[in-house]
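Before any questions on binding or motion, here is one chain by itself as structure tokens, the form predicted on its own.
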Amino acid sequence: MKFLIKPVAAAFALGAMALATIPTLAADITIGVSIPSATHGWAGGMNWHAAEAKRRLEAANPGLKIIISASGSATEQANALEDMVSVQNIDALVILPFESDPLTDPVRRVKESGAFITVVDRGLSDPTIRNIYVAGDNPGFGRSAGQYIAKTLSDGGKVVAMRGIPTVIDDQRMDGFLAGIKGSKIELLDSKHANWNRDKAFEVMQDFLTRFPKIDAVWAADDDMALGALEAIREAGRETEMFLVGGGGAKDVVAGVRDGNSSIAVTVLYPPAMIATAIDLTAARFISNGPVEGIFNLASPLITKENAAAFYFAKSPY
């Protein structure tokens, strides 16, 4: 079963879920939520939305307990999962893996304990472990960026790409980007991992600028990386030479797109609120009498000057 949930429809559906009278749980239920620490802006937004979902759902369901654990590494996250099973006795797990491969076996062990498994964003290496998968359209995320660059540089151009942390979704985004520029006159000079981190992106962009005398466009698969890359470009005095395409939907970047910033011309939405979607769906497993298992793909539209106002949220932490 596969659903495509557009942003407006998703917001309406989740709002309706929050406002509806929710049946009482048949028994006390504990849901563990395991997420990476807020090492960059998108993760900070995700942490905020997770806390909001916990507050809302626990208030509506006295028998529901949601435990949120943020980890700074794959090893730390694996240890947190062991604690959730042995000490907290969780009935379900919502996890955004720090990395895909190192967390696959630890999540498998949680599954073997009898817990219901919801995986968010960065998939596991073995997809059969999960009951629910919630993510943005990662192939489309990369493809939209690639197509925009190919269209903008229709006569050809030299491009560099910044990838995130080595994960399933990073591969999907890169594959989508390559599909987006396929058949065009774009030359991909190099692609390097910058770990969705602004400081790392600054270093990677410095390397690109040193090695390549001509760059026409930069694809940064995260808005924090785009901002780090832009800082390096400006420091080198080459900001008039190239433009950037970001990703994620950080409010500062969206504001720039809305206002016609030529440096980061467009970005691609990848909502950190998807963690709340995942927690809502997992809670519904124990509340609803309907099936909730499946794959939930949240749309990742291109944010341009024409539609940016619809994606700008001033009160959001990201």
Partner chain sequence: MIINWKAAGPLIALGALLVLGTLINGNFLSTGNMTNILTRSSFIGIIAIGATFVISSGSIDLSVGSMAAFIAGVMIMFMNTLKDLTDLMWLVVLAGVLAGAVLGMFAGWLNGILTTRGKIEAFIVTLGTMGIYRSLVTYLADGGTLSLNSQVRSMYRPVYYGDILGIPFPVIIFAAMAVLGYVVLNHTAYGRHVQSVGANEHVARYSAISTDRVKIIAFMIQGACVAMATIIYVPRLGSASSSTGVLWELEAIAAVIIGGTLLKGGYGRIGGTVAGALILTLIGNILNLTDAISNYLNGAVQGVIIIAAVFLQRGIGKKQK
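Numbering follows the first chain given and starts at 1. All of these numbers come straight from a predicted model, not from anything done at the bench.
The same protein also exists as the form predicted together with its partner chain; that form is not shown, yet it is the one meant from here on.
A single residue from the set Thr128, Ser154, Thr210, Ser86 has any heavy atom within 4.5 angstroms of its partner chain in the model of the complex; that residue is Thr210.
Checking Glu235, Glu187, Glu82, Glu76 for any heavy atom within 4.5 Å of its partner chain in the model of the complex turns up a single hit: Glu235.
Residues within 4.5 angstroms of its partner chain in the model of the complex, judged by any non-hydrogen atom, belong to 166-174 and to none of the other stretches in 166-174, 68-76, 100-108, 143-151. A residue is said to contact a partner when one of its heavy atoms sits within 4.5 Å of a partner heavy atom; Asp222 fails this definition for its partner chain in the model of the complex, lying far away. Among heavy atoms of Arg198, some come within 4.5 Å of its partner chain in the model of the complex. Taking the partner from the other structure, its partner chain in the model of the complex has a heavy atom within 4.5 Å of a heavy atom of Glu203.
Residue contact check for Gly44: one or more of its heavy atoms lie within 4.5 Å of its partner chain in the model of the complex.
Using a 4.5 Å cut-off to its partner chain in the model of the complex, not one of Lys158, Tyr270 and Pro301 places a heavy atom inside that distance.
Taking its partner chain as positioned in the model of the complex, the only residue of 285-318 that brings a heavy atom within 4.5 Å of it is Pro317.
Compared with the form shown here, the C-alpha atoms of Glu203 and Ala70 sit at least 3 Å farther apart in the model of the complex.
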